[in-house]
Structures are given as structure tokens and as C-alpha cells.
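Below, in C-alpha cells: the form predicted on its own, a single chain.
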């Protein structure tokens, strides 16, 4: 009779039932049996330096592979360290499976090491959470976790596994592991609503399609392509929907960046919002007060949130677009597309000139343009910071799904996500360059993950947009309080490239415009995880900072 421990059963299930290949983790005594199981069953473990990064990397793995990322953390501080990453996944509706250690069941209420009520702490920020108390039920609990994470509106789940059940051995045949069945179900809108939406689309003169994470998770590129090309509607994709259709598609508005896109929305007469929430990023839908709005979302609670939809269509993004396709007319909105582009191009005249012109000190827009000059659109880009995310989003372009990401620009506004996202992107796409543009402030949160990158040979290239300050906060304080009353906003000059060198990576500092491209090429040629620390103009204030300041000044 073959015996198997609970920890090995976890690993066996992950590999055989869910086809998991990578687990992001840090070692810990409570989870030792699972770690040994991962070795036994040949799963790749990426051990990081802080559990926050493990959760963020697993989150990003979900984004880049469209399969749920798995994070394994130990009890107590391992759990609390991971919380920020779990909250971020919760607000971004990302399927993340968090497996966590726990104090022994036998020691409940005895003051055991790391004894705490983890379940009640994590419950508000997960789709589902539970504790498994029986070794034989481990496959059953894991199956529930993956179903909850991926079905309907996705989200993070949390499964607590006490060492009592992980170290216990059972008959391997008493708890068989079988591939989890993936049931395909579809909710579809009623025909009358589909026809009403099609009438609005067919009558539109200045329509815009806004797509968000729902498009990325639906993985509905062919359906989206067929819809926009038949209707002629220009589109802008943000969040994890970015790149489902490439940025260089003739109807894409991504070259204007988010600020450029929003500048044209007030004159649109129809908005087709697909898998995108009307939250603060879209000013709760106030950007297009006079437009008729067709909202498509897998969560019916989003259809009227913050702005009542003219027509709301519940369902998976790709499924609903497929249903609309035969009902909409073939249209050409070429004049509208061109006028939209002229509007935001005029709005961006100064910024476009900055990209083309050598600068001293280096302008962040110029830095982004030089990065694009070296790596082009066949690469993955991540931007992390305050002002830095603005320049990255407006200047980076990629032909790949999720090829441009600004994970710090979402609902949690979570700085420090850049390096974990870049590491996951490189693991998922090892044959493509992966570049993360970090503000010097945001670099500090997870920069020790360069040690992870070196140990696991994950050669990302990090470019630090170093203005020696918490730039967005400092410039906001300058506007609201005055230059002489900025507080806790300066960082000073630091040689981040030497830190990366000390960890075994490649580092260079750049202070002149003409040094940018050669330094980037040397960083790529090194084949190592690299940091190019670029000193940029500390006086530059982005459009995003102005909006950030205005949002608080109206309180």
C-alpha cells in the first residue's frame, strides 16, 4: 500500500489535476511538507525574498499566462506579508490561489507559534477562503479553490493547511487525484437587449469601445477583432485587456496614452464598455456624460455601477461580442477616428516633441522613447510608480497581449508591483525582452527581488526613472503647499545600479541623453538581471500629477 503525506498530496494535485508548473513561495516550517512535495513532483518553485512579491508574481503569472497563479506562504508573518498582494488581486479580479500554512490544530488556543485568525483577516479580500482539517479531503478543497478562483468573476482564494494534515500520511488510493473538470457555461443577454444595443451601435456617429480586464481574462481576441473591424469603432484597451488586439491596429487609440484617450471621450456619442469598471480610473463614468452607454460585463452588478447603462449585457466579453456581431452593420468611422487622433495629438504636442529631442537633464518622455528605440514593440513593458506610470503608459507600445502593464495604476495604487510583474512576464515569455520602468521610490519596495532574479536566472532589465524624490507626491505638495513646505518627499541620489551589481546582476548609471541607448544595449547583452539607473529631470510634472492633485483639491 503506497503512502502519501498531505503535503505531497497538495503537490500531486497541483501538477496532475491543475497542470500547475510554477509556484511562488518562501520556505517555512509549517509548509515544509508541501515544499518537499513540489520537489517530488517536479514543480518549479520560485522562492522570493518577501511574500508580498510571491503573491504579486503569482498574480502576474495569471495575467501573462491566463492560468491561475499559485502562491504558497507560511503562517503568521508569511501570511500578513502576502496580504497586500492578495488585496491587489482582489481589487483587480485576478484568479490567484493562495495556499497558506497555519499553526497546528492540536495547539488551538494554546498560544502556538504564529497562532492567529488568518481566515477572518483574509475573508473580506478573497472570493473564497477555508481551512482544510482532513488529509483525505485535500484534493476536494483544492478543487473548490481553483473553481472559485476561475469561474464567473475571477478573484483570489485562500486555503489554509495545518501541519497536522500536511505531515500525516494516508493511503494514496484513498484520496485519488483526478483532473478537475472544466464546465463550460455561458450566461447570455436576452435577444431584445442585444438588438437594442445593436440599434445604438448602428446609429452611432462618434463611438468608442473601451475594453478592460474582462477582455483579457476572456481571451477573446478574434471576437473583438471581428467586432471592431465590422463596426469600424475605434478602441482603447487598458488594464489586462491591453494588447488583446495589438497597439498598432488601425483602430487602436493607445498611442495617445490614457490622458490622450480621455481627452476625446467627452464628445463621443456612444461608449461600448466591455469588461471594464467605471471606477476612479474612468472618473466613475463622468468622462462621457452625454453618451449612450452599452455595458458588457460578466458581473451584473457592474452594469449600472456609477452610471446607469443605456443597455446592459451580462456575460463573458467574447461571448457577448459574438452574439452582437451578426446584428451590427458594417460601418466606416474613418473621419471620426482621424479627428479623435488629431485632438489628442494636439493635446500631446509638447510631449511628442520631448520624445524626439535630446534633453539635459533627461526628460522622462525622452527616456521612454529611447527605451522603445532599443527594444521596439516585440517586448513586454511594465511601468511602476507615480509619474513614471504616466510616461510608461503613454510611451510604451507592444504587439503582445498584456505587453504594456502599469500594475501600480489600478484600484489599490500599489507601488512595488513592477519588479514582481516583470519577473513573472520573463518566466512566462523567456524569449522576449522584458523591461520594467521603475520610479526610484517604487524601486525600493521590491528591489531585493533582484536577488530572486539572479538565483533563478531571470534576466529582466529595470530602468530607474530617478528624479531623487517621490515625484508625484512632491510636485503635488509644491502645487498645494509651496516649494518650501514639501515633507517626506525627497529621496536623494542613490546608486541603485550598484545594489543590483552587489546582488550579482548588471548595473550602469546614466546621466546624459547620449548614454541611454548604449547603456540599454550593454544591459541586454550582459544576459543578467540588469539595472540602468537614469538620472532624470526632477522638475518635470506629468499630466497625471495634475489630475492627482485636482482629485484631492476638490475634497
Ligand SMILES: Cc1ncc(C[n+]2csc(CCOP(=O)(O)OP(=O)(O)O)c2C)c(N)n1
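Not measured: the values here are computed from a predicted model. Numbering follows the first chain given and starts at 1.
Note that the form predicted together with the ligand isn't included here; everything after this is about it.
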Subject >> Pocket accessibility after superposing the ligand in the predicted complex (3+ atoms within 2.4 Å of backbone/C-beta) >> reply: open
**OP:** Flag residue 472 as yes or no: does it have a non-hydrogen atom within 4.5 angstroms of any non-hydrogen atom of the ligand in the predicted complex?
**Re:** yes
Original post:
Should residue 407 be classed as touching the ligand in the predicted complex when contacts are defined as heavy atoms within 4.5 Å?
Top reply: no
Subject >> the ligand contact at residue 77 in the predicted complex, heavy atom, 4.5 Å >> reply: no
**OP:** Flag residue 375 as yes or no: does it have a non-hydrogen atom within 4.5 angstroms of any non-hydrogen atom of the ligand in the predicted complex?
**Re:** no
Subject >> Site check 413, 441 and 467: each within 4.5 Å of the ligand in the predicted complex by heavy atom >> reply: yes
Original post:
Just one of 386, 216, 395, 101 has a heavy atom within 4.5 angstroms of the ligand in the predicted complex, so which one?
Top reply: 386
Original post:
With the ligand left out of view, which of 336, 445, 288, 227 would have a heavy atom within 4.5 Å of it in the predicted complex?
Top reply: 445
Original post:
Exactly one stretch in 446-454, 115-123, 478-486, 459-467 has heavy atoms within 4.5 Å of the ligand in the predicted complex; which is it?
Top reply: 459-467
Original post:
Relative to the ligand in the predicted complex, which residues of 314-350 have a heavy atom no more than 4.5 Å away?
Top reply: none
